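Starting off, we have a lone chain in the form predicted on its own, written out as structure tokens.
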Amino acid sequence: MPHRDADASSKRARLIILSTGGTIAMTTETAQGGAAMKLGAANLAGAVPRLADLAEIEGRDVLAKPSADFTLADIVAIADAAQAAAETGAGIVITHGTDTLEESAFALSLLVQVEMPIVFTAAMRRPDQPSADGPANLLAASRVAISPASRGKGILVVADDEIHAGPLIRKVHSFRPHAFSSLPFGPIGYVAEERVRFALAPASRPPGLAYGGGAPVVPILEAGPGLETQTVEALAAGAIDGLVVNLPGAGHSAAGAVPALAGLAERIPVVFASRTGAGETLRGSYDYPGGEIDLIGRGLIPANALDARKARITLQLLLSDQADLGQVRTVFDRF
């Protein structure tokens, strides 16, 4: 089947670059090599000369923060800026820090469901470091954002010439440039020279959600062998609005902790995810104490195909919009 390549018709398209900070926007500030965020959208675009030949560029600075410092409201501000940009009929690139790019890309897939291409990109090396990857990533992301072939494919992430579906992306390395993966599926396309190629397309979109305000407190509890009841009880004693439990296997807890988890699930939504990084939580295979059948029967909610980080974002958005327990279950059933 031939690849679709629509770049030839997209010359002088309109491109809006939304800058939110991160390594791609940092320069060295101190003699010790410390970095500070000093580059906005205009600076980033100006550092890639070929970008001006590609499209009419408009830069908008949304945030200037390391992404690990983003709040839920910050992520929603990025979503609002992307929604507003999409209404102008232009392709959109969002420059972002790598640390929590996966949460933002997933959140926007829930919050901004438009046909217009919205493409995240980032950098693992600062612009003043050898082999800086930001300019190449920004150029490739811009090509994807203005390509008609990208329309209707949801939120995308472009890094190292790979095109990933936003809902699937994960950061899988702490420092090397090739830091992102969509395993077990892989990228859905790539950029080769000036060509945007898609080999795959998402089969469906995730459910659309809204942000109702506030910052629901939803910790993630990482569980291994022998999850302690005291750990669950300590969390239950705090001011939390929901909980995501990252469990071994297909969603299995130590039996001793189950009564505490079940008691907490009577008060707030408790979602359990698989910590494996692939597959999904099961529903009807294991019925021993702490198995997924037991947990579901005691009121816990399976995250299905979502990992713990994406389940947390989903639950935060639902709780911000005053979703009740039934609504929470209904939404997670769609993943």
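Numbering starts at 1 and follows the sequence shown. Every value quoted in this text rests on a predicted model; they were computed, and no experiment measured them.
Same protein, other form: the form predicted together with aspartic acid (ASP), not shown, and the subject of what follows.
- At the 4.5 Å threshold, heavy atoms of Ser274 stay clear of aspartic acid (ASP) in the model of the complex, well away from it.
- Taking non-hydrogen atoms only, Thr23 approaches aspartic acid (ASP) to within 4.5 angstroms in the model of the complex.
- Looking at Ala81, you'd find every heavy atom of it more than 4.5 angstroms from aspartic acid (ASP) in the model of the complex.
- Aspartic acid (ASP) in the model of the complex comes within 4.5 Å of no heavy atom belonging to Gly59.
- Between the options Pro127, Pro167, Gly189, Gly97, the residue in contact with aspartic acid (ASP) in the model of the complex by a heavy atom within 4.5 angstroms is Gly97.
- A heavy atom within 4.5 Å of aspartic acid (ASP) in the model of the complex is found for exactly one of Ala107, Ala123, Leu247, Val196: Ala123.
- Only one of 265 to 273, 63 to 71, 284 to 292, 305 to 313 places residue heavy atoms within 4.5 angstroms of aspartic acid (ASP) in the model of the complex, namely 63 to 71.
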